[in-house]
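Only one chain is included here, represented as structure tokens and corresponding to the form predicted alone.
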Amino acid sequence: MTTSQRALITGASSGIGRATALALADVGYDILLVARDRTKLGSVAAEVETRGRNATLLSLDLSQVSTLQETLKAWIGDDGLDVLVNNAGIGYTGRLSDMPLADWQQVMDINLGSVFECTRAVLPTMRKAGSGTIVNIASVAAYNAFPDWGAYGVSKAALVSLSKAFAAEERQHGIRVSVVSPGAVNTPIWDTETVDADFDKSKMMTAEMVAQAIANVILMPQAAVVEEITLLPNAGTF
């Protein structure tokens, strides 16, 4: 593995994003970190650098989808990327019948729109290189309807479909697109303002477990691709 390999991870300040940044740093990647909280990003960057890899960070609100593509293109530069992990997402609980349209749009912008624009930002340089790996983090909610999780489930189901469409279109350019759909993972998403849920976190997967799966997908030989993978806690929870 050359020292020039670079991976961009969104939602990198905590949870699966942070764990993935460290997992990829451990196997030789320099890491580009994207999230809103610059202070937390700085802490993750420091952890990456203790592993002997370079880390750069960008504090960015991924819900601002109209400017996202151009902002990322300028930040990434002409060197491009080897890997993009679209991890950033928002959880949301509430009945669809009662959900304000603005909340619906926010969920779709972050969970789907940001992936669309982040992916389009990296495609030109990946196509030029004739290679690249894009991993989108969906959810088992993409395949199963859970009460009060309708908007989240719809956004993740659409993300699975988007991933398959990008995979079909970009295969000819040597670009691999994979989707990873975890079940319950013990991350800060359960403690956010838009989520009202009380589950036994001790039976959930850890972020590091999911990060290991993501790294395994990325480290497959370039001639092979894991198009879709589902991870579930072995304790029987969703």
Ligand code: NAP
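Residue numbers run from 1 along the displayed sequence. What you see is a predicted model, and the numbers here were worked out from it, not measured in a lab.
In what follows, reference is made to the form predicted in complex with this ligand, a form of this protein that is not presented.
Of the stretches 169-177, 62-70, 25-33, 49-57, only 62-70 has residues with a heavy atom within 4.5 Å of this ligand in the model of the complex. Only one of Ala121, Val154, Val160, Ile110 lies close to this ligand in the model of the complex, with a heavy atom inside 4.5 Å, and it is Ile110.
This ligand is not shown here, and in the model of the complex it never comes within 4.5 Å of any heavy atom of Gly132. For the chain shown alone, Leu81 is not a contact residue for this ligand in the model of the complex, no non-hydrogen atom being within 4.5 angstroms. Contact between Asp37 and this ligand in the model of the complex is found at the 4.5 Å heavy atom cutoff.
When this ligand is considered in the model of the complex, Ala12 lines it closely, a heavy atom lying within 4.5 Å. Residues of 73-109 placing a heavy atom within 4.5 Å of this ligand in the model of the complex, in sequence order: Asn87, Ala88, Gly89, Ile90.
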